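Presented below, as structure tokens, is a lone chain in the form predicted on its own.
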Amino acid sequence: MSERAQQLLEIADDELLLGWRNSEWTGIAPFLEEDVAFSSIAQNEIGHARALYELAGRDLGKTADELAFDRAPEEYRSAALVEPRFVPDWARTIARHYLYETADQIRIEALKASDDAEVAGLAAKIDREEVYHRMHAEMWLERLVGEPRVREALVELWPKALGVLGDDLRPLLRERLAALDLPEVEPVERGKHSGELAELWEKMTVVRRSVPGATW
């Protein structure tokens, strides 16, 4: 597999799984506005995943749907941060939201500067929507940063947040989050999947697996 395809799959898997996890707040968020906000964010993330899968699929001879749903759980390249189900834990959800969006911004900035015109162009398109995700995450963190539960969640998820990025970009993440005074930790690298990924995969793929080879 080419380096480009691998990178695109990593990001696409992150966006797909986080989109599913964010969608779990639909109808049960603490405020009506958040039902709408998290649903919209989830839809965007899954849309980004599709675009990334389509570009990777051109290199791999696969369709976006095949890459999203026809791989086994252990074949996903997602970061550990996006896999857990946090409903109904709002503190951990907001902590993950902020950590992920901060890391994702760094990743998108690097992609926008890529010499690969296709990758740079797609990153620029994605970034136009991600701006609103970051604004939402920053608003909530400012609102809740003094809450002990949120602080605990930030510390707990910090090693997984570092694992979203490669070694070369992690110093930037530490720098941007310096004000949070997070501890020195070892990143949780990609490929260390939890049992929760297998459970989520069962839900994501149940309809597609019900009639193998069907055209929907």
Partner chain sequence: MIFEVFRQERKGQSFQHAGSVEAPNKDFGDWYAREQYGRRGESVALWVVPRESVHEIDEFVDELEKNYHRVDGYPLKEKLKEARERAGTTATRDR
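Residue numbers count along the first chain shown, from 1. Predicted model, so just to flag it, every value in this text is computed and none were measured.
Omitted here: the form predicted in complex with its partner chain. The next part is about that form.
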Contact stretch among 37-45, 173-181, 51-59, 153-161 - heavy atom within 4.5 Å of its partner chain in the predicted bound form:
37-45
Considering 113, 117, 72, 135, which brings a non-hydrogen atom within 4.5 Å of its partner chain in the predicted bound form?
135
If you check 145, 106, 91, 139 against its partner chain in the predicted bound form, which one has a heavy atom within 4.5 Å?
139
State yes or no: in the predicted bound form, is some non-hydrogen atom of residue 186 no more than 4.5 angstroms from a non-hydrogen atom of its partner chain?
no
Contact of residue 167 with its partner chain in the predicted bound form (heavy atom, 4.5 Å):
no
Counting only non-hydrogen atoms and a 4.5 Å cut-off, give the residues of 63-94 close to its partner chain in the predicted bound form.
none
